[in-house]
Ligand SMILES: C[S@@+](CC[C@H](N)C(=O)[O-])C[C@H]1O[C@@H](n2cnc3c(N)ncnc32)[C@H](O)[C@@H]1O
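Single chain ahead, by itself, as structure tokens, in the form predicted on its own.
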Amino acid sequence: MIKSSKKTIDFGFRLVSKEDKTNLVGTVFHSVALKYDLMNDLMSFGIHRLWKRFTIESSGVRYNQRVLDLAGGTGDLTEKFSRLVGEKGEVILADINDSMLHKGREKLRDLGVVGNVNYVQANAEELPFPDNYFDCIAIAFGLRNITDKNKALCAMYRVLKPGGRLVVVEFSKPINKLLNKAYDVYSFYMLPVMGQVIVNDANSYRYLVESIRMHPDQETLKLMMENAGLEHVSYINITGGIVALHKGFKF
């Protein structure tokens, strides 16, 4: 396991300065933004849509609520949330990467999602929203790319309303050894090849695979959420632990 320090952090399997990681991750997502949705479908065989649907169903979002889709990228969750909250509710699609945010805005407008959705370019560690503002925050497959995850979780807690909930769906640690071995073979050998063929960028997808392996496991992330102040934190393994959905509440 790579050990970071106060000045360094993991970027995949490399240690870099914290400032460099933010810039390097930005470069990755500028590169993959145009074909991000296509690659998600191909890499997961379309299963990511089921993971996201389960996230929506687990969120408890209702009519007239205010929701933050953080690191929301191309807006898959935002599209569904906008229909749940209705015309009197609000969904904010926030992402640090302007290429991803542009792609999300473009896609959602093409789908007719307008009126109750706003777009904000924001760093998850320094959320530009008032305290106690959101009924729900959802972050799907974005937490592992944040430089200071603990700081970001504290920021999410700050902007949640009392009674609000944070839902995190992220790649995690498979609970079956055979599944884990097969998953490693597929991830390390096939995904960079797909990235090279489709996006002409094997390195970005190699980083994305490595970032999954460096992400905290289920129990560690649960503890991190609790340390940020969230209560009744729980998680559910999906697809054998390849993905885990964590949920916590602010009281």
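All residue numbers refer to positions in the sequence shown, first residue = 1. Please read these numbers as outputs of a predicted model, since none were measured by experiment.
As for the form predicted together with the ligand, it is not shown, yet the points below apply to it.
Taking the partner from the other structure, the ligand in the predicted bound form has no heavy atom within 4.5 Å of any heavy atom of G89. Among heavy atoms of I175, none comes within 4.5 Å of the ligand in the predicted bound form. In the predicted bound form, the ligand sits within 4.5 Å of a heavy atom belonging to F141. At least one heavy atom of N97 is located within 4.5 Å of the ligand in the predicted bound form. Proximity to the ligand in the predicted bound form, taken as a non-hydrogen atom within 4.5 angstroms, holds for one residue of A122, C154, L84, L179, which is A122. For the candidate set V159, V117, A71, C136, a heavy atom within 4.5 Å of the ligand in the predicted bound form is found for exactly one residue, namely A71. Heavy atoms within 4.5 Å of the ligand in the predicted bound form map, among the stretches 109-117, 159-167, 128-136, 89-97, onto 89-97 alone. Looking at the ligand in the predicted bound form, residues F29, N40 and N145 each place a heavy atom within 4.5 Å of it. Annotation for 179-209: no interface residues with the ligand in the predicted bound form [heavy atom within 4.5 Å].
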